[in-house]
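Two forms of a single protein chain come next, each set out by itself as structure tokens; they are called structure 1 and structure 2.
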Structure 1
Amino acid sequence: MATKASRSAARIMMAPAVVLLLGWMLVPLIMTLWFSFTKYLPLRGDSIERGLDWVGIANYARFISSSSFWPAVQTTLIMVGGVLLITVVLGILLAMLLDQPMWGQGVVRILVIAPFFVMPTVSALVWKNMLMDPVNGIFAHLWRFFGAEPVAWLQDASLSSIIMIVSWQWLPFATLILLTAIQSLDSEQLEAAEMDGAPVIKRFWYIVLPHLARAITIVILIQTIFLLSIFAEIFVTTGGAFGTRTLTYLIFQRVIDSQNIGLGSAGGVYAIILANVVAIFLMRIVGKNLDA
């Protein structure tokens, strides 16, 4: 049992790590807020030592009044929602499949999880050049084999293509978490339901799915945090064209075009607000499963 002295000693030992973590988070955030109210053009000779021009909320007004802002927010939410839907649904199916006894089960699990360890840039290049290329891609050869005209995926179905690429990379993560949850399911419940004559669908709906609720919640929350900042896949494949420009990519383009760090910082603040709004929404809708 922890005593008052041991708890005090624990707090003292944890204090340096907590202070370092807070500094690691707060310093960039404070600098971003400060830059967002200034006109900062480092490539044109501006420097912090000489002082920056204070512009107030002009950067915020300029960023949100852009005709590309709301479409970028919409694209971001569609992309996040599409990836979550695919990874959760297929993750459950794959987890249930991998939970079944099979020959070479360990090798199969490693192969399923492997895409998660591929760098986003590399996976995007593989999909772009080896699979989705309308001339020499594998999909193009399959289309011609069946007598159909090849599809220019990254032009005609650009948003769906990026969702597919990102889903392929994040599916192993969802599968791994859900597989761990399925393996903790009491098999006696399923056996009892089967002996009572419950069909497979009802066993899944009333026993397996409620048991996976917490794992699904964790998958959704963690993936959403990272999916809101999708960048590499878009940069490598479409360059933000064909309706694939997310809020993160819009911030990048605004900084490159205007060379104004202040304008990009204002966009970063909007991205933080969007992330918090989505997080609050998710915690209210699905976060209650963590308390179950």
Structure 2
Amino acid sequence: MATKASRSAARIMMAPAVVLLLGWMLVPLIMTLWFSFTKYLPLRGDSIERGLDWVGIANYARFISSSSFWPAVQTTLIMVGGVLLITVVLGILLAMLLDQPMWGQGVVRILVIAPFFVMPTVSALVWKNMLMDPVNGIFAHLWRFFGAEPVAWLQDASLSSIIMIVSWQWLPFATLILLTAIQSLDSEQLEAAEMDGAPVIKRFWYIVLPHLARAITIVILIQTIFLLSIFAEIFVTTGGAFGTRTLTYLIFQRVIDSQNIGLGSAGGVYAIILANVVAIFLMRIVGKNLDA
């Protein structure tokens, strides 16, 4: 693929895919931007055919001044941060555990990955009805067995519960990436550190963790992108109540419940901005690991 001819041939052949992908991204983005500057209430008879009224930044002003906006941003950040923290910390521990030679390694690894294959809706429903139900849930039975009062998880500890559910789903992803990274660590480095007098904890801190830095960066970046748009888990468990209304969920409520597409689109643009702010922020902190 190095000659001029083969490069231009490659470009021509890639063109359809690039054009398709660009259209795929740009069309919804431009429509969202357009709607966000118009009054678009389908139930009041507004429609694209009849033309939408231009309202300037009224939608933006209204969305941000809503009393639900800042709490939603805060909830989003707590949820993303909580899930990242849990998945990265447990992911590292699990990866190190799975890296040890043990009996039935293959089966155990598949079991660890399994949650990733369960659809978010299904896993949230399973957690809600089978594990966290205050009357019939396994946790309730466990609590009662030890003589404690069952916890109404999704009401009294709603945000933590959802963080738990989402972490359970994303832990396999983090573990898998971190496991491959750990496996690529040269065992002689660990042995050298051992001879240099570093006890286990220091070997982890000075050798293993720096080796994992790049993988951790990748896990954090990819997960953040997906976690900012978490929806199904909230929809089927709390429906946005009890302080679990994230920005994504707020936008959904504006568009579907209040049937205000203009306002929802403005929220969507805010979500894009938030995602970019978070991404730039993360890149700044951890991104320098990527070019090491």
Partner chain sequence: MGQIQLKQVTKSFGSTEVIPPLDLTIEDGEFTVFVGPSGCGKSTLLRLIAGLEDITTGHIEIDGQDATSVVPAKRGLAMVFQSYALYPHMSVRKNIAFPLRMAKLDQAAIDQKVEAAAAVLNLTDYLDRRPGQLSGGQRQRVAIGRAIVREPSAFLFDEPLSNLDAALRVGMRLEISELHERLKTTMVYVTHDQVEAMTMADKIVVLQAGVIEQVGTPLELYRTPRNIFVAGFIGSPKMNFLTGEEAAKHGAHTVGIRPEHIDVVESGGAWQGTVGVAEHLGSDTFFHIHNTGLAETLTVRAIGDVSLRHGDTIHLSPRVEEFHRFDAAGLRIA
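If you superpose the two forms and keep the largest set of C-alpha atoms that fall within 1.5 Å, you have the rigid core. Start at 1 and count along the sequence of structure 1; that gives the residue numbers used here. Quick caveat: nothing in here was measured; it's all calculated off a predicted structure.
The form predicted together with its partner chain is structure 2, not structure 1.
The Cα position of I12 differs by 2 Å or more between structure 1 and structure 2 after fitting on the rigid core.
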